[in-house]
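First, one chain by itself: the form predicted alone, in structure tokens.
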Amino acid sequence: MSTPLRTLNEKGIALYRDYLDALRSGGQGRPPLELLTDPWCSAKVPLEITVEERAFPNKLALGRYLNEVLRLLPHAQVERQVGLWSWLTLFYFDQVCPVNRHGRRAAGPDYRYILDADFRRFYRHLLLGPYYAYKLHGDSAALLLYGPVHQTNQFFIELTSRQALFANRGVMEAATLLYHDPKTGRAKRGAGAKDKPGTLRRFIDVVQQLDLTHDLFSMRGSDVVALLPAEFDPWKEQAKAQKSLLRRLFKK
């Protein structure tokens, strides 16, 4: 079923925020879905755009879908539309704040549902974050966007908190080549371990050092991987083996 896309106005956002507050205070009222179509709380977007009620298997699928749906709206206008992103999280509320095994919804901070312009929280919006990551990196954002919609993984938090790295296509491709397991659709075991050679934290440190002496923005992911020192060799070997396997499967 398709629904015309709308945006929440200030009144709609305030009522939505009240509902989130109530959830955090122990209330378990139903989501205020009536705000989605209430003309006193929301308005249609200028273009005829519709969204579908669908279950996304992970954030990568969500980011891909939102880029397709919002392609007619200028990105520069979309990315700062608090009312639009608030409306969307309310529309997909069962996925951004699902009922847990205890039969309750556990709402997180407001910025996960209502867009916050502060850089530290901007990408942590549960729908804008995947939309933005996919807009920049397409399927190479797989490392950032694995897992269910209501959860934000460690790789997304660490890499999006460093704008220069997050915006660099070659660096994101390199991280995905090294640490994403295409078989499981998740990060490789141990890739996020702290204080271990060749893991994510070291990748960030080393790439930031390389950025001082190399033009990483002009490089492909494989070029960035080739610059990494020996401590990354085990991850490079795994990536090489995966690439070889995929080639053999593709030939069949």
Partner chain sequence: MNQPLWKFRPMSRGEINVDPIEGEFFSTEVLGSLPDAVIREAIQNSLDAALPGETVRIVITFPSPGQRLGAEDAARYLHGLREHLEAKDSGLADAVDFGRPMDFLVIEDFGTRGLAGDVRDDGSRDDAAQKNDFYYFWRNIGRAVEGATTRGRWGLGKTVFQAASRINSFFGLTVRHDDTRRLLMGQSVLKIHRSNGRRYAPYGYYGRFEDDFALPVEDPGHIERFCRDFSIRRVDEPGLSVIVPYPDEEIEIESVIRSVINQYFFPILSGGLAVTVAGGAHEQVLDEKTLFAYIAGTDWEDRRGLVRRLEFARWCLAQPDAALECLREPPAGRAPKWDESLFEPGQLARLRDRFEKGERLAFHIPLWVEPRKQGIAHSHFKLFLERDAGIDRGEDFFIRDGITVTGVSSQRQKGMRVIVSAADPPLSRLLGDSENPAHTEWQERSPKFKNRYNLGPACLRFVKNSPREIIRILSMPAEGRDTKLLRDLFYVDLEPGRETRADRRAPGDVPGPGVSGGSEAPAAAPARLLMSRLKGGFRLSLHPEAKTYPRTIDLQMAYDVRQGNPFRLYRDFDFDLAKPPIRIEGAHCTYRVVQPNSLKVTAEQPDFQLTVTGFDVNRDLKIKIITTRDKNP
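From a predicted model like this one, the values you see are computed outputs, not experimental measurements. Positions refer to the first chain, counted from 1.
As for the form predicted in complex with its partner chain, it is not shown, yet the points below apply to it.
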- request: Would you kindly say which of Asn67, Ser222, Gln208, Asn58 lies with a heavy atom within 4.5 Å of its partner chain in the predicted complex?
  value: Gln208
message: Can you work out which of Gly27, Gly190, Pro197, Gly185 has a heavy atom no more than 4.5 Å from its partner chain in the predicted complex?
response: Pro197
field: Contact flag, Leu33 vs its partner chain in the predicted complex, heavy atom cut 4.5 Å
entry: no
task: Please check if Thr213 has a heavy atom lying within 4.5 Å of any heavy atom of its partner chain in the predicted complex.
output: yes
message: I'd like to know whether Leu227 contacts its partner chain in the predicted complex, with contact meaning heavy atoms within 4.5 angstroms.
response: yes
query: Is Glu231 a contact residue for its partner chain in the predicted complex, using a 4.5 Å heavy atom cut-off?
result: yes
